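Here's a solo chain for you in structure tokens, the form predicted on its own.
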């Protein structure tokens, strides 16, 4: 498999939230606003990408018994750095996201990517996988944040979209609304993947028929 495919497949076919059903709790909890979803998504992406490199470079140095503990230390260290940067640059939004920033260190998406993939693969596939996984998570959070904030609060990144205090669907910013939206996105993603696989299958069958005719 080409290295870049480790990135592209994590966006739709193996999206960590919509397909692998990982990271659902933060995806629903922090996407009441687009800015919160963007911040947590960026933080997770950075921690994933930065932790993947030392994990794969040191896989032949770290003893087998210390691998998990070493990876947790690496992830926690980068999480702490990202948290301090966010508190310095985006204090208000970081306060809104709250505990979910330090909880990046124990996010199953991050742990699986670093401890499960990085320890068994070369550098480039590991980096593309980490970047793709983080980007897939980020895109879901941004999309959910935009939809929930615009429909539930009538704002987008804090700016009013409608006159007065008009809202289209206040239910959207509640937790049930978040789970409902996530289920719709997962269903849509599954439909797109099914159509894509069917199209690829038809193209393959057509190519085989052309080969038979030409032979």
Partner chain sequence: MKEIIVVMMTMVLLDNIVLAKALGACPLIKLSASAGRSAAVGLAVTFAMIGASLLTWPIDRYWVSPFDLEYFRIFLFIPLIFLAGYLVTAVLKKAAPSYWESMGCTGHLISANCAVAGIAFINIDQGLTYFEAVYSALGAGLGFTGAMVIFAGMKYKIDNANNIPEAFRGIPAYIMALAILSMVFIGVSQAASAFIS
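All of these numbers come straight from a predicted model, not from anything done at the bench. Positions refer to the first chain, counted from 1.
Heads up, the form predicted together with its partner chain isn't pictured, but that's what we're talking about next.
Mapping the unseen interface onto this chain, residue 94 falls outside it, with no heavy atom inside 4.5 Å of its partner chain in the predicted bound form. Mapping the unseen interface onto this chain, residue 83 counts among the residues with a heavy atom inside 4.5 Å of its partner chain in the predicted bound form. In the predicted bound form, no heavy atom of residue 128 sits within 4.5 Å of its partner chain. In the predicted bound form, residue 196 stays away from its partner chain, with no heavy atom inside 4.5 Å.
Judged by heavy atoms within 4.5 Å of its partner chain in the predicted bound form, the contact stretch among the candidates 185-193, 151-159, 50-58, 37-45 is 185-193. The putative spot formed by 21, 68 and 77 is fully lined by its partner chain in the predicted bound form; each residue has a non-hydrogen atom within 4.5 angstroms of it. In the predicted bound form, its partner chain lies within 4.5 angstroms of at least one heavy atom of each of the following residues of 89-113: 99, 100, 102, 103, 105, 106, 108, 111, 112, in sequence order.
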